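The chain below stands alone, shown as structure tokens; this is the form predicted alone.
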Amino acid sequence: MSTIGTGYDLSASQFSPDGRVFQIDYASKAVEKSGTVIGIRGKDCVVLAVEEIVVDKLYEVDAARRIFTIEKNIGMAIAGLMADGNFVADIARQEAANFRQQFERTIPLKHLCDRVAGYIHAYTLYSAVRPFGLSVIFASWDETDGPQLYKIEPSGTSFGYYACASGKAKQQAKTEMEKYKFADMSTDELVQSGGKIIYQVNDEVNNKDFRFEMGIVGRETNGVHFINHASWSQLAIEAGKAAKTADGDNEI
């Protein structure tokens, strides 16, 4: 069967003869063009790290941020289209607020992930809409469930992970992550690992200018999600630059 749409890609509600929905495939391509995003889960902490590609040097420092705080203990990172990411972040915040209003406690991450995944999946069922061109990674920590990490694909499927990646260097990031044992790592070790992976998979030729972003939540943050926490972000950046320099020395 041909891998080209050939008339079967005009609607998200239409299957091709070989059982594919090409609109979802195209949404996945949009994710692959994005900067790399990773999530890693440690012993008492979860780290989200982002390779934010600088497409315009005139942007403000915090422009086009790809990490969001959804609840006080829940962070979200996106790879793909920024406008879609902002919209889905707003949906996630509404779900979290509705749950808090009804039950007077923070929403469990599994429940939030299921709700958002169902919303994303609904946009793959009707011809009047298009799938979201993004992949979503959720991170949280609480005393009951500990560290949690979930990822939602453009198709609406979601799974829990120990470590996951999205974006243009997804495969290289997965290869690097398989070298680590994140489950035994302390907060500082996890932060350093996140910095190393992002800097090591960065393509210096095509994406020389990039900004490192990080979200962190865990026991040491008292269950509060921080974006670009000064000391931990600096620790990650220093570890990343050192790892990149070491890789360059080894190639010589």
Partner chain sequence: MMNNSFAQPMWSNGPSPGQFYNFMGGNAPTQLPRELTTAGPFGTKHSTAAITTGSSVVGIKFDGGVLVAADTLVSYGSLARYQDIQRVFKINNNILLGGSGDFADIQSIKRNIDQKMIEDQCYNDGVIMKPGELASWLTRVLYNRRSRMNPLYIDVVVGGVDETGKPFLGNVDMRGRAYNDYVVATGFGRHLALPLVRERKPKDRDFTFEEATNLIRESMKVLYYRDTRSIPQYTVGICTAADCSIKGPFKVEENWTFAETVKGY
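Computed from a predicted model, the values in this text were never measured in an experiment. Numbering follows the first chain given and starts at 1.
Beyond what is shown, the protein has a form predicted together with the partner chain; the following relates to that form.
Within this chain, Lys170 is remote from the site of the partner chain in the model of the complex, having no heavy atom within 4.5 Å. In the model of the complex, the partner chain sits within 4.5 Å of a heavy atom belonging to Lys72. The partner chain is not drawn, but in the model of the complex it has no heavy atom within 4.5 Å of Lys181. Heavy atoms of Val54 never reach within 4.5 Å of the partner chain in the model of the complex, leaving it off the interface.
For the candidate spot formed by Gly156, Tyr162 and Thr187, no residue has a non-hydrogen atom within 4.5 angstroms of the partner chain in the model of the complex. Residues placing heavy atoms within 4.5 Å of the partner chain in the model of the complex fall in a single listed stretch, namely 99-107, out of 133-141, 99-107, 78-86, 173-181. Heavy atoms closer than or equal to 4.5 Å to the partner chain in the model of the complex belong, across 216-232, to the residues Val224, His225, Ile227, ordered by sequence position.
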